[in-house]
Ligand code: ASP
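Encoded as structure tokens, the following chain is the form predicted alone, with no partner shown.
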Amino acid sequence: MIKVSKFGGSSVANSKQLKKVKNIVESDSDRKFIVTSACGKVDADDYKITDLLYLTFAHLKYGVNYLDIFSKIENKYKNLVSDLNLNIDIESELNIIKDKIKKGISEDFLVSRGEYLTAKILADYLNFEFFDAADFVSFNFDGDIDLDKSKNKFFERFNKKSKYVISGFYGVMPNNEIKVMSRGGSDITGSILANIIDADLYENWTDVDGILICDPRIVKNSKKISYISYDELREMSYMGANVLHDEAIFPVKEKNIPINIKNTNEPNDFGTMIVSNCDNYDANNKPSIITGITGRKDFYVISVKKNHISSETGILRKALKVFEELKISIESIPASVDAFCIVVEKKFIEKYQYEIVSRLKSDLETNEVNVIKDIALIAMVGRNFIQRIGLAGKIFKALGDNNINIKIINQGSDEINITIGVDNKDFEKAINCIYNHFVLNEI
């Protein structure tokens, strides 16, 4: 069996955590491919290395002294090497970075050094071979991963007899310049690697026991999800669940490789298994009606009304063109016979609000364009919705009985997602209401 095991920042935050990682790796001989994030926070008063590196570059950019910040990074890595009694020459590695800083350094290169140094240290500690992500993870000029090129480059230096620690979060552009991924990108590195080597399992080690049905900050003692499909997780990740980077799903889904979310601090806990078809794994365990509940606050709803709007050819295209020209991403477009709504995040639209309303009125030839502010979207995800007659009605009744007004209703065509919009002030109350009715009480 081939396993790819990715360890997040909390798992490699200090020597105590690295010792846990070593015990996990050595407990299973199938764990021959280890991907690591940069060192995370030990506690609330600590700093993530990646944050410090971004801050260092900001100081460089504006000509502010960065040495105090960079010294925190140096101390973190020097302490790791000292505490674990390692042979790696960390002074030389840090000096190389400082020399590049003096000569001029790109932001992506500097920020990538967190994963680079952490992987170097972890490889030395595990007695594995270090594999620089820059030696195989390849981007196209448009910023997308070139999976075929990455695979070819990986196998150019791959040795079956070796065990590897791979630095996550970055790769190289066609001109060999370092490019970092979005935050949490080490998840993507692990997924790419799992695809390349045809892994049987992709383990993602973090500091939680798995994926919870709801955010524990909203619903206390939320139940854990034992099995969830790729598609369900995509829906949850998009709407705010952030245990796993949502882009990490595609490379493993392509080859039907399960992902196991595991807790470094509780390695014997089963965690959450992400698979293509949950029925193949969970046949004896009746799932809840709702697999997960998640959401986000602060949306605007642009409501457009006009008689016979549904029969007017091209009117939606005209509306969308306004948003496209302003480079504003649209969340969803609920519609009825004489109206449609365009839902967008507040941060994207706030400064363009009056311009958009004016243009929509002009281009669509209607005076009925209104803005509804401070809306929260809540997504209920479940693979069994299609079999639950009247589920939407029960959800609406439960919310109505709790004096929660629904402003938007939208259901995906694949019938694994029902999204509602409520006032920001009702966000937490609505999630608790749905959880209590459909998870705890199975109504």
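Numbers for residues come from their place in the sequence shown, where the first is 1. Because the structure is a prediction, the values reported are computed rather than measured.
Absent from the display: the form predicted in complex with this ligand. The rest refers to it.
Comment: 32-40 is the region of 32-40, 62-70, 370-378, 393-401 lying near this ligand in the predicted bound form, near meaning a non-hydrogen atom within 4.5 Å. Under a 4.5 angstroms non-hydrogen atom cutoff, this ligand in the predicted bound form has residue 185 among its neighbouring residues. For the chain shown alone, residue 407 is not a contact residue for this ligand in the predicted bound form, no non-hydrogen atom being within 4.5 angstroms. Residue contact check for residue 388: none of its heavy atoms lie within 4.5 Å of this ligand in the predicted bound form.
In the predicted bound form, at least one heavy atom of residue 50 sits within 4.5 Å of a heavy atom of this ligand.
Residue 169 is the only one in 152-175 with at least one heavy atom within 4.5 Å of this ligand in the predicted bound form.
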